[in-house]
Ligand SMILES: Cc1cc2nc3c(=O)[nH]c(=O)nc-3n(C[C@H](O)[C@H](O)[C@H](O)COP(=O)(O)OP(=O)(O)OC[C@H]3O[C@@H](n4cnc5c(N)ncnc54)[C@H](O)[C@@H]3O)c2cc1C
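First, one chain by itself: the form predicted alone, in structure tokens.
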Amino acid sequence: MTLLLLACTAPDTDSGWTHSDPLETGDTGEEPLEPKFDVLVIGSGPAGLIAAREAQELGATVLIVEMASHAGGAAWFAGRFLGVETEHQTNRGIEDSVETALSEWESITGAVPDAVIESFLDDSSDVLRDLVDRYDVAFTGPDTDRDAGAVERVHTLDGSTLAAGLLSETYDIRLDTRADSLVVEDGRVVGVQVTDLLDDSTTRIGASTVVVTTGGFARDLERVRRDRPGLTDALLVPETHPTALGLGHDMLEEVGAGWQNAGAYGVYVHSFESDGEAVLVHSIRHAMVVDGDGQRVFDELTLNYFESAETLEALVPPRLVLLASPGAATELAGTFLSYEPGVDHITAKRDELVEAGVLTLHEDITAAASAYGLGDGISATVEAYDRDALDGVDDEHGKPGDHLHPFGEDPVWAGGLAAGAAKAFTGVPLDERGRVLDIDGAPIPGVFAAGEVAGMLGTDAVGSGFTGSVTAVLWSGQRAGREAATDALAE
């Protein structure tokens, strides 16, 4: 891998979105900024790296600016890709087609597919094939997933393989460099003002076009709550990369960018909270989950899907508590997430979760209910659950019988569940070329975007989201890089 480091070398919706007038801000009043690069890419995650690659292959000069001390961003942790009509499916005799995926799209996302979705699905096999042919990326599966349709189309890999592949290209990258604002001259974005995070110096870098690939805003919990106000009073934790601060959204807002698909921030209610971070919980399906009144409100298996957040939002107050009998608790484990390249996540067993303070042990269900302030309904809930467990049938919610474990008079493990803000299916709108649209739906000259900053694909046809969205990040990055280079080279 070769990186040329130009500076720092250390390894109007319900969303609460506010707007400036299009292209009114961002002009520093300094001398006109001459382009030093054809394309300037903000962010070196998967969308940014592949955008830079595509732009370079068209002959454009490209600079990437990255606020972290290492490149790759969330590419290091990517795992699941959606692919239609892939060679992996063919090799396993799985029948799939773009038409089939389109017919399932509304049931997957709750949204009617548009031309962007059709193009994305049509190209998805090429996105995966590119990674295999170019970087020798190995996928496992495909498998089914409730949030990807009935067909086996979710392909999985080790994220470090993806990052290493993308970073094997030659790029100009400036690390430890935060993009602060887009520079505007004569109604066009002509560059970026940046801060060197090692010495706090600021400078303006000129470019014919700018591609914003700064990711989502999971770590701006105030913005997440504005986007999903039903989670305002819920325990909410970020469940993604440390650079998911929403800085790209701030920059684009300043030049009048619009907003699409409000309320579709992807949230999973399958975490505990530790020092403000998400601890993913495994085998929740074997436990029982109740609301603040001590009532079960769903089949616990659904906690691993986006609909769990909708259930949480409907509760008053929005609160869920996990309770595990000895039989269920033997299955419990958690993952403390790591965001350093090459550093594995830490898996913790039940007793380690107790030691970490995210799971607590109680003498019986009464003691657990008292500790978590559960309502009087908990007694009847446990009695019904124990009957169902003995009968092997969940009459109320339909959870499979082999996942039911009776409580009896035994000790109980308990933990308050947190909503994990995972990924953005909401963001700035894009046109069919990946150009950022303003509040009136017109392209903002000189600026493109890709990935989570645009809600994956820049269209509200992604609805509530889908599993395997890394494919969308790469696809939209390819599009933005090509189109930004085409515009720049035509200047």
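Because the structure is predicted, anything quoted here is derived from the model rather than measured. All residue numbers refer to positions in the sequence shown, first residue = 1.
The form predicted together with the ligand is left out here; the points below concern that form.
- The stretch that touches the ligand in the predicted bound form, counting heavy atoms within 4.5 Å, is 176-184, out of 401-409, 347-355, 106-114, 176-184.
- Of the heavy atoms in S44, some are within 4.5 Å of the ligand in the predicted bound form.
- Interface residue remark: K423 is counted as part of the site for the ligand in the predicted bound form, having a heavy atom within 4.5 Å.
- Although the partner is absent here, P229 is not a contact residue: none of its heavy atoms lies within 4.5 angstroms of the ligand in the predicted bound form.
- Taking non-hydrogen atoms only, M67 approaches the ligand to within 4.5 angstroms in the predicted bound form.
- A single residue from the set V269, A218, A75, V211 has any heavy atom within 4.5 angstroms of the ligand in the predicted bound form; that residue is A75.
- Checking M251, L332, V279, A309 against the ligand in the predicted bound form, a heavy atom within 4.5 Å turns up for just one residue: M251.
- Of all the residues from 337-358, the single one having a non-hydrogen atom no more than 4.5 Å from the ligand in the predicted bound form is Y339.
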